[in-house]
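What follows is one chain in structure tokens, specifically the form predicted alone.
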């Protein structure tokens, strides 16, 4: 009798490894740290005005005359696909200074937890493309939960660079377009521009930044000056195996014996 398959998420027992497991595992409910009004999320995204109708790229599925398809019968469409919404995006950039999550972990998390997403990963940022009404709900969830920190994570649709630069005097990650600022009186970070740097009619608060001690508890980042990947043998063994297979075999890892 075959053993029941148990899904694996990430190896290791270190703090970053455990956080990676939590973020990727869809059964784990992530902690909600703040509340942002949906209208404010829509304004930061900048794709439409709050209350404006969603633009569509095809008729609602129930009104279409598509030929019968077994895949369509198997897959339940997300709400935006049902309605024919256009595809829109949100992009997050993550600081190297103990941001809660790192771009490639975002990709793993998105593909594990959410349906209907297309995601792209670069060195310091990660984009999500999705049907518009579903994207707004997902963006709200991601801004409100523990994968977001107001100072160490930025919502940036253009000129995203800055994730590896030093922090400013308030601990905020550099942003060439200055989309957000620190309100010293409230102790909160406010967005004064949307994700493509168009000015907002009024500032939108996304809450108080966490201190470094709290960030280190939540982060998925390995750093030599905190938790070093080399100290987590299980993580190292997996990564070395992946790199060895990639180097020696490219896209044919089965061709290598005993690795």
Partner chain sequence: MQGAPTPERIVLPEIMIMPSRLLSADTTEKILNKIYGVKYVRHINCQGESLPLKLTSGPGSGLLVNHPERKVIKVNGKDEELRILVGRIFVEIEDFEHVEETLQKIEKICEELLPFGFDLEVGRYSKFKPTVTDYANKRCS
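Residue numbers count along the first chain shown, from 1. Being a predicted model, the structure only gives us computed values, none of them experimental.
The same protein has a further form, the form predicted in complex with its partner chain, not shown here; the description that follows concerns it.
Trainee: Which one of 33, 42, 204, 197 is close to its partner chain in the predicted complex, taking close to mean a heavy atom within 4.5 Å?
Mentor: Checking each option against its partner chain in the predicted complex, the one that comes within 4.5 Å is 197.
Trainee: Which one, 122, 87, 158, 75, lies within 4.5 Å of its partner chain in the predicted complex by heavy atoms?
Mentor: Filtering the options by heavy-atom distance leaves 158.
Trainee: Would you please decide whether residue 175 lies within 4.5 angstroms of its partner chain in the predicted complex, comparing each non-hydrogen atom pair?
Mentor: Yes.
Trainee: In the predicted complex, does residue 103 come within 4.5 Å of its partner chain, counting heavy atoms only?
Mentor: Taking the distances in the predicted complex, the answer for residue 103 is no, it never comes within 4.5 Å of its partner chain.
Trainee: According to a 4.5 angstroms non-hydrogen atom cut-off, is residue 112 in contact with its partner chain in the predicted complex?
Mentor: Output for residue 112 is no: heavy atoms all beyond 4.5 Å of its partner chain.
Trainee: So, in the predicted complex, is residue 183 in contact with its partner chain at a 4.5 angstroms heavy atom limit?
Mentor: No - in the predicted complex, heavy atoms of residue 183 and its partner chain never come within 4.5 Å of each other.
Trainee: If contact means a heavy atom within 4.5 Å, which one of 112-120, 161-169, 138-146, 75-83 is the stretch that engages its partner chain in the predicted complex?
Mentor: That would be 161-169.
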